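Shown below, as structure tokens, is a lone chain in the form predicted on its own; questions about how it binds or moves come after it.
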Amino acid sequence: MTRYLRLFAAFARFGLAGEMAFRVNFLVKLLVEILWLGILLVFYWKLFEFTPNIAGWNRSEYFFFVGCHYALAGVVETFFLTNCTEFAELVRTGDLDGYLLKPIDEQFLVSCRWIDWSTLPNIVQGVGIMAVALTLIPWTFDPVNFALFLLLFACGCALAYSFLLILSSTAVWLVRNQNLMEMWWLFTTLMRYPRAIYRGRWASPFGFFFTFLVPVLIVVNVPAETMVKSLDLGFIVWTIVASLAMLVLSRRFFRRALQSYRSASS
């Protein structure tokens, strides 16, 4: 584990050096992320001027939800998204051969080799939004509740990472899997809204599918609900079980994809 942590730290230093080589581009990207978040917050603020709550979420609770989503998406975008989206290019060019020859776990090297420092502030912004929202609710600190939130937030990150790894692994068979990778943006859109909106005759099957069969809706919903709303033991257990199962499934899927890989020299 120490070896992997040292290697990860080396990846981080290398990524930061690469970003600092183009400082203006780095700063512009930061500004765009800040502007995007500001527009999003203004939109939701105006929305709640016309209604006291949406699907059982009042303004402060929903802003905590938005902050949770933004922080979680920031974690995935900073550490995994670039690596997974570039996996298809490694397969197409045959550069994956060099990664497979390295004396280290292939999944770690492929999915963690690059850190996108320009999206790291998104995590800080998301945490800031959650902190402000908690002061407006108001919220009383509960160590058990807080520990559960951290655990479920980590489970949400694990679920998002697993979905991304499975989608990117299909590049071994499809080579060009850009259209399939578009499903990731569908997943992030689903994560952005409360699970409670998928109720009713037509929406319930959709909500059931993306809660229990492809558990995308629990990625942000369960951590946020645990923190600012009531505890739902059933969904807490399901989130933990689903994250562990998806980590195992994505690992096996990735290994199976590597077994089907044919190097550039073959």
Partner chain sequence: MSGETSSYAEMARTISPVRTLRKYLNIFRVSLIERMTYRGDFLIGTILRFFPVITTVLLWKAVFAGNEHRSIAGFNEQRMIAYLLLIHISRMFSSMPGLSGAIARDIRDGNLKKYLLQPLDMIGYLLSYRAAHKVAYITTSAGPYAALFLFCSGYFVGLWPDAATLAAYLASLILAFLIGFFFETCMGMAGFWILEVSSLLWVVNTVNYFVSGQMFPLDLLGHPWDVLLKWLPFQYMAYFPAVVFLREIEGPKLVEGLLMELAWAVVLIAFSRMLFARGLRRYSAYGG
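Residue numbers count along the first chain shown, from 1. Everything quoted here is computed from the prediction, not taken from an experiment.
Beyond the structure shown, there is the form predicted together with the partner chain, which is absent from this document and is the topic of what follows.
Each of 39, 52 and 183 comes within 4.5 Å of the partner chain in the predicted bound form, counting any heavy atom.
Comparing 66-74, 224-232, 237-245, 23-31 against the partner chain in the predicted bound form, the single stretch with non-hydrogen atoms within 4.5 angstroms of it is 23-31. Of the residues 96, 166, 190, 115, just one reaches the partner chain in the predicted bound form with a heavy atom at 4.5 Å or closer; this is 190. Using a 4.5 Å cutoff between non-hydrogen atoms, residue 213 does not count as a contact of the partner chain in the predicted bound form. Within this chain, residue 198 lines the site of the partner chain in the predicted bound form, having a heavy atom no more than 4.5 Å away.
Among heavy atoms of residue 174, some come within 4.5 Å of the partner chain in the predicted bound form. Taking the partner from the other structure, the partner chain in the predicted bound form has no heavy atom within 4.5 Å of any heavy atom of residue 140.
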